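Taking the form predicted alone, here's one chain by itself in structure tokens.
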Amino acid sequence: MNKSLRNPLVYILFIFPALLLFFMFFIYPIFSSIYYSFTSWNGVSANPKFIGFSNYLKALEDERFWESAKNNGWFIVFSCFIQVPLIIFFSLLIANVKKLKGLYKTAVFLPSIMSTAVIGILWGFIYEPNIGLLNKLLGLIGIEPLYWLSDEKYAMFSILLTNAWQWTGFYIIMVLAAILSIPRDLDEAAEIDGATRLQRALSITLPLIKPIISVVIMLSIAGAMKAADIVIVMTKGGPAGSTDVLATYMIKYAITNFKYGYGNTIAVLIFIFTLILTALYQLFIARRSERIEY
């Protein structure tokens, strides 16, 4: 047995299936998209026409493309500056709960295991102008019904709120695990020294969970760049394309309009933008969150 394990062919045999799947479903699609992004192709013809960088130049001059990219930016801003602080706040609250902590963790995590289609339909009923819960509550204080998903002023915010509701619990569990792994001795020593709960949270807990907060922010950025399903379910990019993100804009071109060449160009640009954003975050921010051991 030991002699077999020293044979390199044994290890190659075990990792080959994983490498094959990785190549089939990750490496090959990436290079395939890059190739087709330089072509004019309808997705059906056998011989795509090579057109060089024409698709990329078209994308850079396409106002709808940049409008969609701006909406992805709103996802990032909302996630980093509103969702992440709320995640930290609720994680600290749950960490200090004495009873039914498991119930609270289950409750906040539940939305993240639900289907996006279910989430979209559920919140669609909440946003419904005539019988929706949100407008009913606003009506109690004298505010006229608002068209949350059909008015350009509110549609994007409505989607951002729904998306945050779905994924906040998932990140709370991550941050909560980091908080609960901090030795109680540190907190107790600070409490004996007279530090208040707020002071302990700001001076002990937050500095010690910086690495996991950094991971949450990076995942939020990556998730914001590939957002599509919640938009498709709730608005299909409407009204008048005001809630389109890069992924939904790509789907419209590639599938609805049979312009697979340009659709692959948008897919490659999404990949490049995501790579640049995550690299910049890692370079200028995440690297400052050093690994903490205690």
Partner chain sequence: MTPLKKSIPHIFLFSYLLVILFPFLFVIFSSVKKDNNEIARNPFGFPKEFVFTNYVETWVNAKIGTYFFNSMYISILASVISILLGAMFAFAVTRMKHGRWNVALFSLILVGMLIPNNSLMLPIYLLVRKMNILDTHLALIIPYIANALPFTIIILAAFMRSLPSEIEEAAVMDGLRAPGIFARIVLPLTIPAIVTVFIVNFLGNWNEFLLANYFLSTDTLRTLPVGMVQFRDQYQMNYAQMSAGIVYSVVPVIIIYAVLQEQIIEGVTAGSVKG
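Between two forms, the rigid core is defined as the largest C-alpha subset superposing within 1.5 Å. Numbering follows the first chain given and starts at 1. Worth saying up front: this structure is predicted, and the values here are computed from it rather than measured.
One more form of this protein should be noted, the form predicted in complex with the partner chain, which is absent from this view; the next part is about it.
Residue Ile126 is the only one of Ile76, Ala201, Ala190, Ile126 with a heavy atom lying within 4.5 Å of the partner chain in the predicted bound form. In summary, the region of this chain contacting the partner chain in the predicted bound form, judged by heavy atoms within 4.5 Å and restricted to 68-76, 152-160, 179-187, 84-92, corresponds to 84-92. Contact check at 4.5 Å (heavy atoms) against the partner chain in the predicted bound form: none of Gly52, Ile143 and Ile221 pass.
Although the partner is absent here, Ile209 lies well away from the partner chain in the predicted bound form, with no heavy atom inside 4.5 Å. Taking the partner from elsewhere, Val108 is found to have a heavy atom lying within 4.5 Å of the partner chain in the predicted bound form.
The partner chain is not shown here, and in the predicted bound form it never comes within 4.5 Å of any heavy atom of Cys80. The closest non-hydrogen atom of Trp165 lies within 4.5 Å of the partner chain in the predicted bound form. Taking the partner chain as it sits in the predicted bound form, the stretch 32-69 comes within 4.5 angstroms of it through a non-hydrogen atom at Ser32, Ser33, Tyr36, Trp41, Gly43, Val44. When two forms of a protein are overlaid on their rigid core, residues whose CA moves 2 Å or more are considered shifted, and Leu21 is one of them between this form and the one not shown. In the core-superposed comparison between this form and the one not shown, Ile12 has its Cα shifted by at least 2 Å.
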